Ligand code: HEM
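The chain below stands alone, shown as structure tokens; this is the form predicted alone.
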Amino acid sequence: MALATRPRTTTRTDRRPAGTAARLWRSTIGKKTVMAVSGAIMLLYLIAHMIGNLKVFFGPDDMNGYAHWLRTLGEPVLHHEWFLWILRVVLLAAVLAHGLAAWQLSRLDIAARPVKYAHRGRRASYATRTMRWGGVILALFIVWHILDLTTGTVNPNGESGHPYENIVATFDTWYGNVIYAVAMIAVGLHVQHGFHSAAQTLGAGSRTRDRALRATGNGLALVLTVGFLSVPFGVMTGIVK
């Protein structure tokens, strides 16, 4: 008499295999790649934004005319200010992706090293150790910057549609100068470390190019910091008035 056998049961799952994008995002390399790409987008914006800001030294007509050109860029294909709104959406997506990837990588780093190091020697540069706080500072500054020069909420002396006058009004206050200076120093430190890290993540790093990449990152950080800080300095010294 044959023994009765229990029917084999197969455990089924409703989970479908994750797509390539999902698998990439879940990996450390994927998160670092997102940080690198989003960081590159923001770096290009910072360079363009700094160049535009320097028009303040050529007077209100140049600065306000440049702002008007940005609002009409792409017409008649794009409607009025559509280019600016597309740019804002892209930047917002880059900032959110950058911040989320950075937060998740930070959590992974903490989980991998739950016990503090016995030796408290310096394991990284000043810029590296302040990247997280620098990111928080920049996130808060973005909110302030929008309320100050875009909506005018915290800039009661500004004039709607007149960026030159708004800039002068902002840097006529001590707190406007302090907030801006702290944020721009944070930008410099962020770019200094982030450029080299992003280049390595995207495969541009090598032993032969390492020194050149570090020099490029340092140069960009210096140019951006000095370029942005020259605007409040110009207002404080009366060059821009």
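Just so it is clear, the model here is predicted, and its values are computed rather than measured. A residue's number is simply how far along the shown sequence it sits, counting from 1.
What follows is about the form predicted together with the ligand, which we do not show.
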- Message: Please tell me whether any heavy atom belonging to residue 201 falls inside 4.5 Å of a heavy atom of the ligand, as the geometry stands in the model of the complex.
- Response: no
- Task: Classify residue 163 as contacting or not contacting the ligand in the model of the complex by the rule of any non-hydrogen atom within 4.5 angstroms, answering yes or no.
- Result: yes
- Message: Can you work out whether residue 167 and the ligand are in contact in the model of the complex, taking contact to mean some heavy atom pair no more than 4.5 Å apart?
- Response: yes
- Message: Can you work out whether residue 217 and the ligand are in contact in the model of the complex, taking contact to mean some heavy atom pair no more than 4.5 Å apart?
- Response: no
- Query: in the model of the complex, which of the stretches 45-53, 190-198, 31-39, 209-217 has residues with heavy atoms within 4.5 Å of the ligand?
  - Reply: 45-53
- Would you mind picking the one in 107, 71, 79, 132 that has a heavy atom within 4.5 Å of the ligand in the model of the complex? 71
- Scan 142, 86, 136, 96 and let me know which has any heavy atom within 4.5 Å of the ligand in the model of the complex. 142
- Would 154, 174 and 178 all count as contacting the ligand in the model of the complex, using a 4.5 Å heavy atom cut-off? no
- For the stretch 208-240, which residues lie within 4.5 Å of the ligand in the model of the complex by non-hydrogen atom distance? 228, 231, 232
